[in-house]
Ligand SMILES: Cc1ncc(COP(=O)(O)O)c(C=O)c1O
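Given next, in structure tokens, is a single chain: the form predicted on its own.
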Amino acid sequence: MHTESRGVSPEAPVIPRLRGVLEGIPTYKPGKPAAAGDGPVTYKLSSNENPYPPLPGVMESVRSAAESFHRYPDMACSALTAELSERFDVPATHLATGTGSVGVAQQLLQATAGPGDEVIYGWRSFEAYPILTQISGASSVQVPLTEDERHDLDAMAAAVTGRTRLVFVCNPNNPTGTAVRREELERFLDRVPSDVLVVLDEAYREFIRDAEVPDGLEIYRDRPNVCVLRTFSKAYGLAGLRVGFAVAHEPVAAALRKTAVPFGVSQLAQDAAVASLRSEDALLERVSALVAERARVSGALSAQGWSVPESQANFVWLRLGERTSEFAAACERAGVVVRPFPGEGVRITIGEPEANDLLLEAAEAFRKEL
């Protein structure tokens, strides 16, 4: 055989050489799906999805776009970019799109960080951050949250070194729901060197009701080293279409366009996002309903005796330590699937009222056993 002539025996096949940074990389764990079958209805409260169907006009735009499956999508996302530019009053050159905000986050790391560099973020925070950082070859610097589940921005600023290339500030934070307020954010940004990119990950921006939490787009305008991430997956209800975007000054936005996967955002996603932006009244109505449910769920859990951080997102967080998996199992038996972080706590998405009622019943029963 040819392999033998090259000094390779059939018993020892050649394994392609892969990048060493992939060794031991954690795997992203999606929220567990609801049980299927003929049994009782199970609600999925594990992925921070919007329980409502797509906004008015979205299905019509998707059906129309489906007639062109045989064509490539608009690689520049021209119509969506123009819509975003008008909606948020930012130059089109300051926009870049991608496959959800997590896809854009990966592009940011490709553009800024590599072997020998460092990426800072609070922990626990969005579980994709360590994965994306390791893939880039850079090193993670995880700064523990405060005792009240918030970003410790003073410690994060102190962690910046000459090797720091990017800092993620997840606001509101996933999975704790806590948010950074304007004064502390401005003070933090004043301490970060101007050549370090600070990414304000605002996937849950629409759910914020605390007036002291700033809109990242206001912050970015006067700070060239600030980039804002947004997504259509959460409030807009397009999680299955994968479309997100970044707003940043032109050098950063241009780098994001360079690192984007060609034709990565499908035409369905682009057209659905445009239609969603044009249905703002319906969006605000649905978001308001979810925020009201968030208040109801948080209040009921607190009344049961749970310690519930103030959430500005579409989920709540319970720190349960070693009881985390046990609690998640109890919820599943009751008909709701939550997102456990073993040994730490559970993140519970705010769903339809029926799902939330089941969750509260399960939490109350579990609490009585403690």
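Remember, predicted model here, so these are calculated numbers, not experimental data. Residue numbers here begin at 1 and follow the sequence given.
FYI, the form predicted together with this ligand isn't displayed, but the following is about it.
Counting non-hydrogen atoms within 4.5 angstroms of this ligand in the predicted bound form, say which of Y220, Y121, F126, Y236 makes the cut. Residue within 4.5 Å of the partner: F126.
Scan S136, Q107, T178, S101 and let me know which has any heavy atom within 4.5 Å of this ligand in the predicted bound form. Contact with this ligand in the predicted bound form is made by S101 alone.
Test of understanding: in the predicted bound form, would R165 fall inside 4.5 Å of this ligand by heavy atoms? Because no heavy atom of R165 falls inside 4.5 Å of this ligand in the predicted bound form, the answer is no.
In the predicted bound form, is there a heavy atom of this ligand that lies within 4.5 Å of any heavy atom of C170, even though the partner is absent here? Output for C170 is yes: heavy atoms within 4.5 Å of this ligand.
If we define contact as a non-hydrogen atom of the residue within 4.5 angstroms of the partner, is A203 a contact of this ligand in the predicted bound form? Output for A203 is yes: heavy atoms within 4.5 Å of this ligand.
Just checking whether T231 would be counted as a contact of this ligand in the predicted bound form - the rule being heavy atoms within 4.5 angstroms. Yes, contact at 4.5 Å.
For the chain shown here without its partner, which stretch in 195 to 203, 250 to 258, 288 to 296, 80 to 88 has non-hydrogen atoms within 4.5 angstroms of this ligand in the predicted bound form? One stretch meets the cut-off, namely 195 to 203.
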